[in-house]
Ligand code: LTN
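First, one chain by itself in structure tokens, the form predicted on its own.
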């Protein structure tokens, strides 16, 4: 049985981009791949590469887990857990650092971008982030990992680390393949379509959160940047703002981008934006209702406890084999 592993950080408020690019995508994979096993974790260790307020962090951890359940993941087919509750993630992360080169990490685009923005107080964890991500994946022998365009480079270094380890110590880690959606892999900021919609953005005008009320959602869609052409085309280069909105409609409405273009051809942008605003408000409203039901039910901790125990059982066995493979520990007579 093939295994798919994914995680999402609890750093900042969940956005429509997180829902389309990660949460909804994971649910669709589970529905379309009945013979696969799924491991899904809240990546709280990754979130602390930059300072977090502890009480807010704990709340967001629960929010992420609850939103995945609200979106439709099957807890009976998914090992859902919190990353920091399985200590082997950090342990394997260190062992993999011993098989990773500084030059590889310094070439990571996300590190270069984030270090430019954060000129002072850059933590070493920001540099080694991809190695911990590799540990998250390799610890469970993942066959495939759902990734967006901005995470492809991190998965490539994960593959490189696994291959290097296997060449040095013998076949041990499964080398994972990327799963990249054709549509919706990256949702852009509504006010700046050259920038990814981010939960850590300075302004909320360009992002829709999963906690926004219907009026706010419709207002943000209505004021989203398009262009002066007034032509319905799906062209990410010439009309990036419009293409971003078409992508959102495509995923939420279950239509191809071409079908969305055909539906609104000759109508201009106003009607399209109004309909998209209604669609987004309806989709997020339904998600919010299910989220509230899960939070009120008291089932969340039960599911997370079960996931933690299952993940730890697999991870602890893998770690013991890994340490023996590289010569750690005592020889017992």
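Predicted model only: the values in this text are computed from it and were never measured. Residue numbers count along the first chain shown, from 1.
What follows is about the form predicted in complex with ligand LTN, which we do not show.
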Look at the candidate spot formed by 7, 46 and 145 and say whether ligand LTN comes within 4.5 Å of a heavy atom in all three of them in the predicted bound form. yes
Only one of 219-227, 169-177, 127-135, 256-264 has residues with a heavy atom within 4.5 Å of ligand LTN in the predicted bound form, and that stretch is 127-135
Which residue among 250, 151, 84, 99 has a heavy atom within 4.5 angstroms of ligand LTN in the predicted bound form? 151
